[in-house]
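Okay, so we've got a single protein chain in two different forms coming up as C-alpha cells, structure 1 first and structure 2 after it.
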Structure 1
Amino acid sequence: MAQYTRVSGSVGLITLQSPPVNALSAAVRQGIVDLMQRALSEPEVKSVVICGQNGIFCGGADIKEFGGQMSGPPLIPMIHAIEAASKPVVAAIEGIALGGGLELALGCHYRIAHSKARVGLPEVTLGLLPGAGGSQRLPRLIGVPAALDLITTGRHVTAAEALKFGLVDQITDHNTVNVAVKFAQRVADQPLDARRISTYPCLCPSDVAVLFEEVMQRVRRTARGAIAPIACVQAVRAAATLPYNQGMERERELMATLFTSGQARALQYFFFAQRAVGRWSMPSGARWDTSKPRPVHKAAVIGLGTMGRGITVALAQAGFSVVAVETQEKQLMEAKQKISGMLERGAKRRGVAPALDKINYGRNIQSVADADLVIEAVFEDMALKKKVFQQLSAVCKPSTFLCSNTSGLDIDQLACQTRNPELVVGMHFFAPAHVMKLLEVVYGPKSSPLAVATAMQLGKKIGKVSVAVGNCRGFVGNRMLKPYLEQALFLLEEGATPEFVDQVLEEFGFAMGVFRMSDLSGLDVGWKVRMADGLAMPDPTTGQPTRLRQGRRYSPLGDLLCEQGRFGQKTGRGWYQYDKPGSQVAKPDPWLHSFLDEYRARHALVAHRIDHQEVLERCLYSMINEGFRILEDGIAAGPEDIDVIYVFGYSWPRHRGGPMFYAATVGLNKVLERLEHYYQAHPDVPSLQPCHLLRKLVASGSPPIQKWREVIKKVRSQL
C-alpha cells in the first residue's frame, strides 16, 4: 500500500508502505496509481515526492508474485504515467532503490539520494533483465558503457557513484524527504519536457558496434552458460539502435523469454534458498528464532597461515577487535606484512581507511585469554588441533566460544578436549577466507544452540552466508566433493583426458574443471590426507599401487603424480603443464597422456570412448547421490542448505540452482535410473549405488523440491 499526505502546502508526498523493503507488490502499485491521480487532480498540489517508509525507498519487484498470476496495475504503464505527469515528480531515495525501485525512480523527473543510499538493477542475478524500462532509460541517462556495466553485472552502486554517473541529481547527508520536498517546491513551475528520460537520445560512443561486440564476448565468457547477461546486452543494444518504443518492445520480448526459462526459476529458487539457510535448526529442535546469540566484542585467531590471515582480515574489516596469534617469529612477521597489505588493498577498493588498528598480534596463546570467541586455524592435523584446544580451554574465560576452522575433522573430538564442550563449534571458512562468502558452521553432538547461534551471527556480521551443518567426515561440501573427484579419476583410467573432463564441466558452468582446480589447490594437499588415511600406499605384496582399497575401487593416479613431484601450479607440472612454477596458464601435457596410456596398459584397462553425457552424469549424479545421503543422515536440514554451500563454496553455476535443484530439474527418476546403470557397470564403486532417500522420493512421485523435507522427515524417523 502507499500513504498520501500534503506537505509544505503544495507538495503531495506519496510514501510506499510494504515492509521490509517496500517491494512493488500489487497493493503498492495500486496505491501509487491511485495517489498519483489524486495528487495530479488537486489544484493546490504543484509537485509530487515519492519516498519509502522506514528509510528505504524500494527494493524492487515482489519476487513472491513471480510464481503465480500477476494482479494489480502493471508496472510499465504506471512508470510511463509518472513520467508523463504534468507536475514534477521527485524520487527521495533512502536506503536502497533496486530493480523495479530504481526503474520507478528513473520514471520520476528528478532523483535526490541520501549519501548512504545504494542503487542498482540486479535483475540479472534472478535470471531476468530490467523489464520495466530500465534497459531503455538507463543508457539514455548515463550512456551505453556505464549502463552495460550496471545491467550485466547487477552490481549496486553508492550514491556518490550514482551522482558521478548522472543517475541522481543531488545527494544529501540530511533528511532526504525534507530535502526532496524543498527541491520539489523550487522546480514546481519549471517545464518537464527536458526531464522525461524516454525522450532522450541514447548516448553512444562512435565505435558502438565494436563496443557491443567486445562486451558480448566478455559476457559470454564470464556468464558460463547463463542466458540473462546476454539478453541484458541485447536489450541495451536495442536502446542504442532503436527508437524508445521499439526498444521497449524488444525489452518485453527478451523479458518474456527469460521469465519462463529454467534458469530464471533456478536463480529465483536460489534467492529464497539463501534466506532459508538463515532460518537454521538443529536435530534437538533448537531454532534460529529461539536461540539468541551472545555479543562478540573481541575475537581471536590462532595460526596465521593462509586461512588464518584471511579470517583475521574478514574480522577486522567488519569492525571486530582481533587478537592474531602465531607462535613462530618468522611466520608472524610474514603474516603481519600480508595482512596489512590485504587490509590496505581492501580499504582502497571500498574508499575507507584500512582497519590496521583493529588487530593486536601475539606469539603466546595467553594473548587470547580475554577473547569472547577464538577461531583456531592451525594446520589440518587432529593431534595438533587437540593440543591447541586443550591450551585454549586452560587459558580462556569459561564463557569463551572455541571454534575450529577445519575442513572435515571431527568437531566432537576437539570439544572433548575442553571444559565446556557445549561452546565448541566448527567454522569452516573457504579460501580466500576474506573473499569467499560461504561459512559452514558445524555443530557436534555436544554443541549448544547458543554456540551455533553466535557463530552464525558472527558469520553474518563479517559478510558470510552461514549454513549450519552436522558433524561428519567432510561435513557437507567436502563429503560431496569426494565422489565427484573419484569419478573424474575413474574416467581418466577408462580413456578420458584431464582437458576433456574439465572442458565438459566448464561448459556446464563451473569456473574451473576438477583437474584445473586440483592443480590450483595443489595435488599434495589431498595426497597428505590419503596417506594419513592409509590409502596412498603400495600393495605390500607387489609393491605396486593398488586399485582396490577397503573393498572398493580406488584410483592411485593422483598419488603417482605426487610421487613424481607433480603438485600442480606450484611446481609447474600436475594434471597439466605450465611454463614455470606459479604460472596459471594450463596447457595439455603430452607426458601425462603417455603416462595414462602406460598406466592403462599396466593394469589391463581397455580405454573406451567417453562422451559429454557420461562425464556429467558420473561426476554430478554421484555428488548428488551423496547429497541425498547427507539429507538422509540429518547432516543438512534441507536441499537448500546443500545448494547454497555448493554455489558459494564450490563454484556450482548459480543459474543451475545448486546440485539438489539440478537433480529436481533433470528429474529424480532419471537420476535414479542413470545411477543404477552406472552402479551395475561399476559394482565396486559404492557412491554410485542410489541411496534410500532418492528411491523414496521417486516412489513418492518425485515431489517438488519444496516438499522434500516432508519425505526426509519420514525417512529419518524410519532409520
Structure 2
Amino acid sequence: MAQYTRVSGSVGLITLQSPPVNALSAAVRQGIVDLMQRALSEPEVKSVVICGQNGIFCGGADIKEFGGQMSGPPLIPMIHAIEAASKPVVAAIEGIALGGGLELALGCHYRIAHSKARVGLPEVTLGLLPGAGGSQRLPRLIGVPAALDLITTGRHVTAAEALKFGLVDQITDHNTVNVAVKFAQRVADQPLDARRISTYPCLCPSDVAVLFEEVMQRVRRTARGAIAPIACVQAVRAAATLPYNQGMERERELMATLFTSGQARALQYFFFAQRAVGRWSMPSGARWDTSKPRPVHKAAVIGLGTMGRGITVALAQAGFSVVAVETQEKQLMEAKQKISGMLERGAKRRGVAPALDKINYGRNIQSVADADLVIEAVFEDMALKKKVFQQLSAVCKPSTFLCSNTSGLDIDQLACQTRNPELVVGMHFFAPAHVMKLLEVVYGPKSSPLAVATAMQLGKKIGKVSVAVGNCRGFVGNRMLKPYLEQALFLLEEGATPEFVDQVLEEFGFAMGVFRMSDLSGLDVGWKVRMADGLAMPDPTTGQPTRLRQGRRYSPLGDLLCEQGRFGQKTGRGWYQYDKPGSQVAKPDPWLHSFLDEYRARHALVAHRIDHQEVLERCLYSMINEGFRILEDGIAAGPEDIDVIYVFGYSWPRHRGGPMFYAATVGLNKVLERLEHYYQAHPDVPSLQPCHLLRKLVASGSPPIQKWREVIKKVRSQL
C-alpha cells in the first residue's frame, strides 16, 4: 500500500499505492507510518520524498472507510510526525492532492507540483472540513482570505494558482519525482524550523473580524441549510485567533460534529451516487460496460429557441462541430447573436478563445444531412416533433442518431416516424442547457444500447452528469414534479399562501420554492400541456372550472391565472407580483390573496391552518411516492439515478442526498404511515396512495438504500 525505495543514495522515496486515486486507507496510512520510521532510522538517508503511483499524488482520506469502524493509524498524528521529522520531507505532487492528500503535503516541509496538477480541500463537498490539520495549516501558509476561499468552496486550484498563493514551492513540466528527489538532495542539510507550517503565525488582514463576518453571511446565504461550510469558517476563525494546538482542538470538535451528521452521510452517499449513474443498465440487460458508443464528430441542433441555443453552446464549447438550424429567418438572426454572446462570455470567463467557428448556421433541415447525431429542440408539440423526425429520417445518413430534447413526450412515438427507430433516444437537457449539469438520456422500447451509450458518452464529453432512464410521461424528473406541484396547488386551495409554501420549501433547502420556480419558468408552459391533454378546460356542462378531472382531484388555479395573462416573471404577474415584466424580485400580491379567498368561497372550501410539517410532507412524500413507482416500473434503475436527477436538475439540496435518500433518512415506515394518513384524508388524490414497492420495502424491514435494488428486482419479477 506504500512502497519504499532508496534513490540517488541518500533519498528515501515513499510511493503511495492504492488505486485508483491513492486514497489514504488504513493500509496506506500504516505504510506511511512504517516507511517514515524506516527512512528516519537509516543513517544514509538524508531526506525523504513522498509521491503517489501512476501520476496521482493522493485523493484524500478513503471515503469508503467513513461508514464503518475506523482502524489503522489516525491521520493527524501521522502528519504531525512527518512535520516533526528531523530530515526534510518533500511532497512530489502529480495529478491531484486533494483533502487529506493536500493535508499530508502540508505536513511535509516542501511541496513540488507538476504544472498540470490540481490541489484543493474539497471536504466541504462531503459535509466535512479539512480535519487533519488542513483548516489550521492552510491559513498559516497562504493567509486567511485565500484559505477561506479554498476551504469554504472546496474548489480545486491549478498548480500555477497554488504557486501564486505560496501553497507549493515550485512547479515543473518535467518528471515531478525526479525534480523532487534532486530538490530533496539540495535541501538535505537545511534547517527545518522555518519549514514547519504549524509553527507559523497566522497572518491576518487588519479587518479580519469584518472579513469573517462577511464570509459567514455569504456562506449562510448560499449554504441553503448545509452546516459544513459554516463549520469551515469557524475552523479557519480558530486558526486566525487561537494558538495552533487550541486551533487543532477546535478543528477536532467541529469535525466530530460534522462527521456523525446526517448531512455528511448524505453528501458521501451522493458522491458515490454521482459515479454510480455512469454505470447504467437497461431492462434488456444492456449495460455501460458491454455497450460501445460510436464516436460523434459532427452534431446538429434543430430549433434555436432557449433550449436549442444552450445545447448548441454546450456542444461548441466542448469542441464539437455543430450545424444549428432554425427555419424562421428572424429567429435565426436573433439566435446567432445570442449564441455568439453566450460563447464570448463563456470564453472570457474561462480565458480561452470563443468557439464561434465551430458552428454553421442553416435555415434548411437538409443542412444536417451529414451529421452523426442530431438533437431536435423545437416546441414541445408532438405533431411538430413527429414531422421533424420524419424529415430528419429522410435527409440524414442511415447511421445518424436522432435525439429529442423533449421534456416528457413519448420517445417511442418519435422513433416510429423514422427508418431506424433503434437510433432514436431522448436527450433531455435542463435550462439553461449550457449551464445545468443534468442530462436525462431516455431510451424507448426500440432504442439500441449503441444509441444509449453514444448519448451517454456525448453527455460526458460536454460536461454533463448523464442519467439513463426509461420512456414514460415526464421521464423521471418531470414525472415526479407533477405530484409535487399538484400538492402545492391543493395546499393553496385549502388555506396556504404561495409565500408560505415557498418559505417552507426554501427552508428545507430548495433554491426556490415551487411557486417562485413556476413564475420563473412561466406558467403558460404547463398550461399549454394541460390544454393539449384536455385538462385545462372548463366543465362542458356548466362552463365552470371544476375541481375534479378525469376522475381525480384537479386544481384549476394555475389555469385561472393564465387566463388572466399572469404567466409569471415575464408578464410581471404570476403567483407573485414583480415591479415590471422580467424583474426577478418576487413580492406577495394582495390581488392573489383576494383571488384565493374568492376561489375558496366559490367552491365552498373552508381554509384551515396549514403548518410547516403538512407542506413538507404532502409536497415531498407525494413526490417520493412517485419515485418509488418509477423504480417499480423500471424507469430508473436505482434510487441513485433519481437522487442525481433531483439534485442536478431540480435544485434538491445536495446535503439531503436526494429525495430517495431523504426518504431513507426519514424512515420508510414513517413515509408510508404519513402517505396513508394523507391518502385517507384525500382519497381523490391517487398520488398519495402509497405504492406497492414502498409497502414491500417496509415489509422487508426498511433495508438501507444500498440494498433496495434487491427488493426492486423481486417486486419487478412479480409484476
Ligand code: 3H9
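One-based numbering along structure 1's sequence throughout. Take the two forms, find the largest set of C-alpha atoms that superpose within 1.5 Å, and that set is the rigid core. Not measured: the values here are computed from a predicted model.
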query: Between the two chains shown, which is the form predicted on its own?
result: 1
- request: Answer yes if the Cα of residue 656 shifts by 2 angstroms or more between structures 1 and 2 on a rigid-core superposition, and no otherwise.
  value: no
- request: Determine whether the C-alpha of residue 176 shifts by 2 Å or more between structures 1 and 2 once the rigid core is superposed.
  value: yes
query: residue 313: CA shift of at least 2 Å between structures 1 and 2 after core fit?
result: no
- request: Fit the two forms on their core, then tell me the C-alpha shift of residue 51 between structures 1 and 2 in angstrom.
  value: 3.0
